[in-house]
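Below, in structure tokens: the form predicted on its own, a single chain.
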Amino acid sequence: MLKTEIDYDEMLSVLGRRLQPNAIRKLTTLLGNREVISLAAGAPSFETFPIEELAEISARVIRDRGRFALQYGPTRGQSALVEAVVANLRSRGIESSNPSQIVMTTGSQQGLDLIARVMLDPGDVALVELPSYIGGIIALHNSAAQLAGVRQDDGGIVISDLREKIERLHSEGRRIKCIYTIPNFQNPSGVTLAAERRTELISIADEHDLLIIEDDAYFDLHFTEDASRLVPLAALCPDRVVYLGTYSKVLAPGLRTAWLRAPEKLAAKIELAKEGADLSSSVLDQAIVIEAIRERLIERRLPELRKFYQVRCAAMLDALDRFAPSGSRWTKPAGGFFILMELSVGTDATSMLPDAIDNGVAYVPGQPFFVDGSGANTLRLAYSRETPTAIADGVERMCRVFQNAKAQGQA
């Protein structure tokens, strides 16, 4: 028996007290075990997993190279995979890439966490898009950075608003360290940063001595020729950009294998931070990915993957055209997994979610994606998981809830 009751809150560090739950993962509790059409889950469809091919590769790797693949590995990652990442980056136009700039990570989320911990001091300002990816927001928040939002429109970051925010923050004596952006088919909005704005963004970063964190998880999942030709920010100015990519969207997220490319001095510090976090990412996962690359499994499947998600995106856009309430609008992505829907001003997407779940459909309220507290009338819709038929059914159910709430004066 304990002599005194332990106050665990008093045991927490400043960071421990600051930790916040992921709003998307909290949905799991709200859903319970109910079967619903999920327009919330932003994960790849299990239908896209090359299960048989990966089963054969996994068995072969363990059988033939198990004494290495089941062992600890180098913190930066397996050399063969690092070289494959370098080749991939060069094919994307980041031609100066070399192995000393690469750190393999246990998913892109770890990459974001490591970058934030290495780069940001408490009170530093990180600029993020409005809205922005919750995982990125959490990583930056955990470093005790102050987050300032920059507006987006259909062409991505609004450059005039970015300049205005930088000038205001500097006038207040604030130290701005970085800009976090998802330039291609952004999560949660689905918008893509226009080509001319990419050049302007680099120019602003150079003018104000800022680093850019470029999260390019959806690079390969483009639906149009124009989208396929967009150049990464890291290709325009590799010395100012930390670039993240992943195999989760094009192979399988259970293989927790991603990478970051950073200027060499930063990459060396990120490697040390990772060493203290997990020593190395799974050598087995990396070995499986290496074999998948050697067998051209990812390369062969990309056209099929793009078509798979494009069909589902089209189904959602069509259903929104047919069923969305008046006064609402939504983005029209050229790739990726997401659409951002904006309801009429004064509507609260969070308050209507329980009714939507009762009607057999789930979505993610948009407000947690907005670091300035706005976005109450927005919601993120994912078309990556469900079938086209289920997507249409789910959108109809959801919009019926919105229409009913509007008729009853609740929205």
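Numbering starts at 1 and runs along the sequence shown. In this text, all values refer to a predicted model and were calculated from it rather than measured experimentally.
Just so you know, the form predicted in complex with a further copy of the same chain exists too; it's not on screen, but the next bit is about it.
With the partner left out here, check for me: in the model of the complex, does some heavy atom of P263 sit within 4.5 Å of a further copy of the same chain? P263: yes, in contact with a further copy of the same chain in the model of the complex.
At the 4.5 Å heavy atom threshold, is P368 in contact with a further copy of the same chain in the model of the complex? No, P368 sits far enough from a further copy of the same chain in the model of the complex that none of its heavy atoms falls within 4.5 Å.
May I ask you to check whether Y133 falls inside a 4.5 Å heavy atom distance of a further copy of the same chain in the model of the complex? Yes, Y133 is a contact residue.
4.5 Å heavy atom contact, H222 to a further copy of the same chain in the model of the complex: The answer is no: H222 has no heavy atom within 4.5 Å of a further copy of the same chain.
Partner-contacting position among D154, D278, D226, D321 - heavy atom within 4.5 Å of a further copy of the same chain in the model of the complex: In short, D278.
Answer option from A194, C237, A314, L305, heavy atom within 4.5 Å of a further copy of the same chain in the model of the complex: By the 4.5 Å criterion, the partner-contacting residue is C237.
79 to 87, 254 to 262, 294 to 302, 93 to 101: which one contacts a further copy of the same chain in the model of the complex at 4.5 Å, heavy atom to heavy atom? This holds for exactly one stretch, 254 to 262.
Sequence-ordered residues of 96 to 126 touching a further copy of the same chain in the model of the complex, heavy atom within 4.5 Å: Sequence-ordered list: T106, Q109, Q110, D113, R117, V118, M119, L120, D121.
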